[in-house]
Ligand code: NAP
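Shown here is one chain on its own, the form predicted alone, set out as structure tokens.
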Amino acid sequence: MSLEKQRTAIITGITGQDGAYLTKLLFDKGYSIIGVTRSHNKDSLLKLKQLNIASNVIIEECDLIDLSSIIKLIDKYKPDEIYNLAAQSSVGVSFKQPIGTISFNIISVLNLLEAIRIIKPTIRFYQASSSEMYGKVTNLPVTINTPMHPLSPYAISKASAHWIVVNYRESYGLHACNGVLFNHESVLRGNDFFVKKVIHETVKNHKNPEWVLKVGNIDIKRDFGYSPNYVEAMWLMLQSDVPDDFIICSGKSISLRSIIEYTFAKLNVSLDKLVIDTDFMRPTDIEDIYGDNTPAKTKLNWNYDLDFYQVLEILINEEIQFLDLKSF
């Protein structure tokens, strides 16, 4: 009986929501996993610990802006796959820190691809692209060929990185793929992201008479999904014989207002607690966006059919369990 060699994967941005779920997925498939962080401290592995997988990962500190550091890392582990999830990923922060956002999100990808080209060109590379790249779209749903009109420094940086991946695939023959993930949520999402903020604050404060939920423009619509299912699409991309780029989404959009209304109704909170605050308004915003997930379903055999109200039900229950609120 032949024994299949254990595969090794490097995951940058492993301390985030997707990093944790991807780590669990790969560990369950028998991978050896190297997690890359900018700095390693006791709180950096919190999400991995929540999934009880922190002890299954080798953590390495690496500055993705420093090409020599990446070359040493790849030369040390010679991985089969690299998943690049590292980024300054807040659209709001990118308006306040445009230079830092654009510099890191572009140079880090360029360095990773160049290191792969130099050290081990057979490595399969996944880049976390973003639906924000498409921005001001005139035709929906968004497909991989929809013209890009980014509306934020973050979106500009992701669009640039996206085309760098395409260029290295076409110019050097690397197995490099872009996964254009639309918004995807879980209990591990940071509290500064809209859906998690709404659910976290409402669950935590639903019985507090003084509490109000302050939000910005909630009449925009977005395509939301569930993170544990979306990371499976990342893995499927790198198993394909032919590298390509894919839209990963639910295929439907929902208004932010509807999300609040559903959450408030679920937790018996009056809509009087909702406050529109201009401080939370962005300079520019996409009014409505949703994608076409047909190629991912047909070419990758990715199975996803969750309605976002189903996902909201999961998220609210997870948040209640996470906060261990016994009053429900």
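Bear in mind the structure is a predicted one, so any value in this text is a computation, not a measurement. Numbers for residues come from their place in the sequence shown, where the first is 1.
The discussion below concerns the form predicted together with the ligand, not included here.
- Contact here is defined as any heavy atom lying within 4.5 Å of the ligand in the predicted complex, and by that definition each of T15, Y154 and K158 is a contact residue.
- Shown without its partner, this chain lists N111, S89, N229, T202 as candidates; in the predicted complex, only S89 has a non-hydrogen atom within 4.5 angstroms of the ligand.
- Contact with the ligand in the predicted complex, judged by any heavy atom within 4.5 Å, is made by just one of R282, R38, K49, K266: R38.
- Heavy atoms within 4.5 Å of the ligand in the predicted complex are found in exactly one of 159-167, 127-135, 253-261, 75-83, that being 127-135.
- At a distance threshold of 4.5 angstroms between non-hydrogen atoms, A233 is out of contact with the ligand in the predicted complex.
- The shortest heavy atom separation between N183 and the ligand in the predicted complex is within 4.5 Å.
- The ligand is not shown here, and in the predicted complex it never comes within 4.5 Å of any heavy atom of K221.
- In the predicted complex, the ligand sits within 4.5 Å of a heavy atom belonging to F104.
- Counting a residue when any of its non-hydrogen atoms is within 4.5 Å of the ligand in the predicted complex, there are no hits in 47-81.
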